[in-house]
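The data below hold one chain only, encoded as structure tokens and taken in the form predicted on its own.
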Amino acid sequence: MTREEKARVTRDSLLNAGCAVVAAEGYASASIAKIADLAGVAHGTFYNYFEDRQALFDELLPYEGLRMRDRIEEIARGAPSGMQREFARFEAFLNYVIENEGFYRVLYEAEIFAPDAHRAHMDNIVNGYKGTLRRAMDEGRMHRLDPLQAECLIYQILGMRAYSAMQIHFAGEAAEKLAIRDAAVETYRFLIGRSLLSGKDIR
């Protein structure tokens, strides 16, 4: 590998280690020493890539969030366009929470410990949804909304995602988590599929 490639690998290793440590112990307990040890680098090497612990925290959620978004979109592309694709996104998100148990902690503790990262992550998700809704409206697959209505809808959708993820996170057995996922997806289909996404105009 070139020097640049090695540097990129080391940086990714530190970010992956940071995600793992935060997922296991939370932001407050995620020390530079723990992160460097898990990444397999000397403690001093950390400072070649990040000014301090907060600088790494400020990149963790956008880094992991984009990985999550890419996984969700990969799954969604396999579903028919329209409502089925949005339902696939919702289910894929809940599956990601189930399969990556620590992601919930990385995501929701960031609002307190890394607010800039949380804002960047939300911007990434909201902007992705804006494009999705705009295409759906242009193709006549959902009610026409003005830009502010569309943005409000996005945040309401994200609220449903967030609280379904919370319900799954605090569930006990794996079977209970899967049952909650199935019920949440069915409820989402009912609420979204029979309202805004089913007609052409609400005005």
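Please read all numbers here as calculations on a predicted model, not as lab measurements. Only the largest set of C-alpha atoms that superpose within 1.5 Å between the two forms is called the rigid core. In case it trips you up, residue 1 is the first one in the sequence shown, and so on.
Separately, the form predicted together with the DNA exists; it is not shown, and the next lines address it.
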Contact test in the predicted bound form: Leu38 vs the DNA, heavy atoms, 4.5 Å: no
Contact test in the predicted bound form: Ala150 vs the DNA, heavy atoms, 4.5 Å: no
Residue contact check: Leu178 to the DNA in the predicted bound form, 4.5 Å heavy atom: no
is_contact(Asp52, the DNA) in the predicted bound form, heavy atom dist at most 4.5 Å: yes
Options 170-178, 131-139, 29-37, 151-159; stretch whose heavy atom lies within 4.5 Å of the DNA in the predicted bound form: 29-37
Partner contacts in the predicted bound form for 43-61 (non-hydrogen atom within 4.5 angstroms of the DNA): His43, Gly44, Thr45, Tyr47, Asn48, Tyr49, Asp52, Arg53
CA of Val9, rigid core aligned, shift of 2 Å or more between the shown form and the other one: yes
